[in-house]
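In structure tokens, the next block holds one chain alone, the form predicted alone.
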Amino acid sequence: MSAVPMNGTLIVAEHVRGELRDVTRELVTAAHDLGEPVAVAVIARDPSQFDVNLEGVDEIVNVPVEQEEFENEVYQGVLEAIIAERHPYAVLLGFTVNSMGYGPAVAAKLGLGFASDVHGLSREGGAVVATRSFYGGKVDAELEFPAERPVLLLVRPTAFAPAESGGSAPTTHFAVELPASRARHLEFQDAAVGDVDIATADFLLSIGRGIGEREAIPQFEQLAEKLGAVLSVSRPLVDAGWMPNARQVGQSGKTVKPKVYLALGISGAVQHLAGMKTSETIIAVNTDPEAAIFNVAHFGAVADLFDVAEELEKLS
């Protein structure tokens, strides 16, 4: 495959229940950093129902299939067929549950370069350079893929701004015959949201392991109520059994975008940042001046969270 000329960047659109997921728009923006023509493949029973005519898209490739919802074997078969015919320079998928179900398998089967949780992209002398985090988000590393080798990358959601609508890309159709899938989508079962849906809140007061002990939680529940905020938490508090998953912000919890996100005692693990860094205003309080959350905060204070909470109590 490496002997065949490679062209462009291929994106596979992601959709659920008839709605295009935001990560598809973000992938279009990420593709701009590779400087190649961008094609977006839409795999669906009716691909035309999804508007992927976005700024920066050079071609829309509609792939009609029998399945209405995602099935990993179907997507894997389609992607392998498109790669075999078009030989894209790079393939970009979201770093999501769906894409993890088939993207790595395609890369392994076809011998493609591969990286997951990518949050930065560039080109250097023809090579693709992908940036991803290690050691719980404390270190970023650049992975360089040789120019002669196609690459498949899973891009972290929210790492790039979503592309705007209003493109003028032509549409082509791609027909593919697939063997019967061994998996079947049956139905969706909605997870219980618990006593509150933090994803709809305008003001979140979010606490992390910096609170020290479970007994401190009621203090912050009361503070959130006084401030007119909704209490949310980082993953360690959920893992410890102190708070329900419905309150968790992050990749394994909820992605939120409130008008105000007040983070007390949260260091800013990469999984947490992915779930909140697009908030309109982020205010962070942490005793560690090197805490990763300060990299995304609009306002920050290196201070004891309990001192700050005490002052907020006086103002409320």
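Treat the numbers as computed from the prediction; the structure is a model and nothing was measured. Under this definition, the rigid core comprises the largest set of C-alpha atoms superposing within 1.5 Å between the forms. Residue numbers here begin at 1 and follow the sequence given.
Not pictured, yet referred to below: the form predicted together with a small molecule.
*Asks:* Can you work out which of Ser279, Thr29, Asn62, Gln251 has a heavy atom no more than 4.5 Å from the small molecule in the predicted bound form?
*Replies:* Only one listed residue qualifies here, and that residue is Gln251.
*Asks:* Of the options Val38, Val285, Val52, Ile43, which one has a non-hydrogen atom that comes within 4.5 Å of the small molecule in the predicted bound form?
*Replies:* Selected option: Val285.
*Asks:* At 4.5 Å by heavy atoms, is each residue in Ala269, His272 and Leu305 next to the small molecule in the predicted bound form?
*Replies:* Checking in the predicted bound form: Ala269, His272 and Leu305 are all within 4.5 Å of the small molecule.
*Asks:* Although the partner isn't part of this model, could you tell me whether Arg235 comes within 4.5 Å of the small molecule in the predicted bound form, counting any heavy atom of the residue?
*Replies:* Yes.
*Asks:* Although the small molecule is absent from this view, report whether Gly77 comes within 4.5 Å of it in the predicted bound form, heavy atoms only.
*Replies:* No - in the predicted bound form, heavy atoms of Gly77 and the small molecule never come within 4.5 Å of each other.
*Asks:* With a 4.5 Å heavy atom cut-off, would you call Pro157 a contact of the small molecule in the predicted bound form?
*Replies:* The answer is no: Pro157 has no heavy atom within 4.5 Å of the small molecule.
*Asks:* When the contact criterion is heavy atoms within 4.5 Å, does Pro258 count as touching the small molecule in the predicted bound form?
*Replies:* Outside the cut-off, so no.
*Asks:* When the small molecule is placed as it is in the predicted bound form, which of 86 to 94, 178 to 186, 208 to 216, 69 to 77 ends up with heavy atoms within 4.5 Å of it?
*Replies:* Looking at the partner contacts, the answer comes out as 208 to 216.
*Asks:* After core superposition, I'd like to know whether Asn245 moves between the shown form and the other one (criterion: C-alpha shift of 2 angstroms or more).
*Replies:* True for Asn245: a C-alpha shift of 2 Å or more.
*Asks:* Once you overlay the rigid core, does the Cα of Val40 travel 2 Å or further between the shown form and the other one?
*Replies:* Val40 C-alpha, core-superposed: shift of less than 2 Å.
*Asks:* When the rigid core is used for the superposition, does Ala130 move between the shown form and the other one (threshold: C-alpha shift of 2 Å or more)?
*Replies:* After core superposition, the C-alpha of Ala130 moves less than 2 Å between the shown form and the other one.
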